[in-house]
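Coming up is one lone chain in structure tokens, specifically the form predicted on its own.
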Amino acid sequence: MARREAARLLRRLGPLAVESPTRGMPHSQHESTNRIVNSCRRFHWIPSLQRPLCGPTTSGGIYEGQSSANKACEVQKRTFGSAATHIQRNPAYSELNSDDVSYFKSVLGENGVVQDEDRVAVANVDWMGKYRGASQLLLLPKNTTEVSKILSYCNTRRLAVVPQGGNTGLVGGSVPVYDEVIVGLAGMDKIISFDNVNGILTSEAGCVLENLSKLVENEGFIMPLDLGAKGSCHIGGNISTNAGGLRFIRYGSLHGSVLGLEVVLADGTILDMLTTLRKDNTGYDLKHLFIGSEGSLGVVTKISVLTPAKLPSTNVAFLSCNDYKSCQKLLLAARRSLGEILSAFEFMDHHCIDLAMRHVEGVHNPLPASPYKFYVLIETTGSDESYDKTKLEAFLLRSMEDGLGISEASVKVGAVYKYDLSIPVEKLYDIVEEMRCRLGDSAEVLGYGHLGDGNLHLNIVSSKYDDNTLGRIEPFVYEWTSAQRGSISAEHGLGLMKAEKIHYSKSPEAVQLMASIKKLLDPNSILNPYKVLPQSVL
């Protein structure tokens, strides 16, 4: 898991963090700007950077790259993010038999039913190597009708099912807990249509996000979300988890971008909500039930999403700040001064930079002489390069005058306790400092994330996993977040890791209503069991 975190850090910094002759900024360009930068050593700026802040990971098939999870376990470099939840297998579920396999082969053919131990083993483990199921069967449908037949049969037989996309989640939501049947959607990767006038993309759920990004960018548009896992994650999984990412501050959540969905319910009913209309005020907008439901209410099979126009001017600045208060002031100033062109505002403390520099080869601090404790990365996108550059330059100069101014590394350290929190911006860094006081020298506490969205990624790394350290982290981290009226999951979802902890963010009445919806749509509770909601309410 730590390797992924460092990769995310490097992709956020892009050419700022890794020495590369093809990606660095030539010193001969923008000399006047560089003279200002070098004299103050407070920020590093790359004008007209025509790359997303979050670059692609290695592209590949449905489970490419996940075998590293097994190797991580073998060398005892496991990652841990939450206290273990002991859940008993629901005895109401049937166990798979040869008749079941024969039926699935009649629907999917021999190639669509995978029993090979090695292939199934990879699908049983999340990419971090933290969660491991015991499924004996991987199904690979190629269309909605096949998904419908699978779920209808499983519902009748009471066979539990886990929908699986790119399997890039962080909370154990995409792998079995016990022997659930895995339904992989990688074979459903067709582009249905793209409206290049209105920027509306319609596709199957198994399309890899990076492939969709390339498609729409060739037409002059961009996807409304950008993630570190874009080379592996599926759009259906993104929608099912309501993934956030780097463009959230500009384009908001997928609740605002998704226009329509096709979903297969637990009993095999195909729910066609695949509209491409921008406005449709007829009755309940049911698609929102499935955005962020983590596959627990239905399996998303097709999507239509509104893509924003790709703007020609992109600029990135990397600044250092002396304290967290300055980061907040910088965010407020950026919102006021940069306004409509502000597209990303990320922050990290110096511990993140130090960790990456110690453990990731080729990484250097873009502000090596900086004595400051925090770093901020700002991206702007607009339609007028000269105007945008002038606006950003003026903002940076004012900020300096006012005094404002993840991963491979982690896996080499050892165990990682990972939390994804949504906290009011003014309180966001307090939990990092409090956690450092609680843990002392026993662990290194890192704080970074999407400051513009109030989203903190709290990583705690130590040489090894132990119950004593975990006991000092939990439930304190959840109790503290709840006391601030924050969320224990800003963008990663609940999955298995936090299903029993939803009460820290939601009232008993809200949880009970969610359980009622679950029981209505999935009365036999076959879809992604043990996830999202506490077992006590189902």
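All residue numbers refer to positions in the sequence shown, first residue = 1. Remember, predicted model here, so these are calculated numbers, not experimental data.
Note that the form predicted in complex with another copy of the chain isn't included here; everything after this is about it.
Every residue in the set 288, 309 and 426 has a non-hydrogen atom no more than 4.5 Å from another copy of the chain in the predicted complex.
Considering another copy of the chain in the predicted complex, the lone stretch of 183 to 191, 134 to 142, 279 to 287, 430 to 438 in range is 279 to 287 [heavy atom distance within 4.5 Å]. Using a 4.5 Å cutoff between non-hydrogen atoms, residue 472 does not count as a contact of another copy of the chain in the predicted complex. Another copy of the chain is not drawn, but in the predicted complex it has a heavy atom within 4.5 Å of residue 339. For residue 230, no non-hydrogen atom is located within 4.5 Å of another copy of the chain in the predicted complex, even though that partner is not displayed.
Contact annotation: residue 391 falls within 4.5 Å of another copy of the chain in the predicted complex, judged by heavy atom distances. This chain appears without its partner; in the predicted complex, the one residue of 179, 100, 219, 349 with a heavy atom within 4.5 Å of another copy of the chain is 219.
If you take 477 to 503 and check each residue for a heavy atom within 4.5 Å of another copy of the chain in the predicted complex, you get 485, 486, 487, 488, 489, 490, 491, 492, 493, 494, 502, in sequence order.
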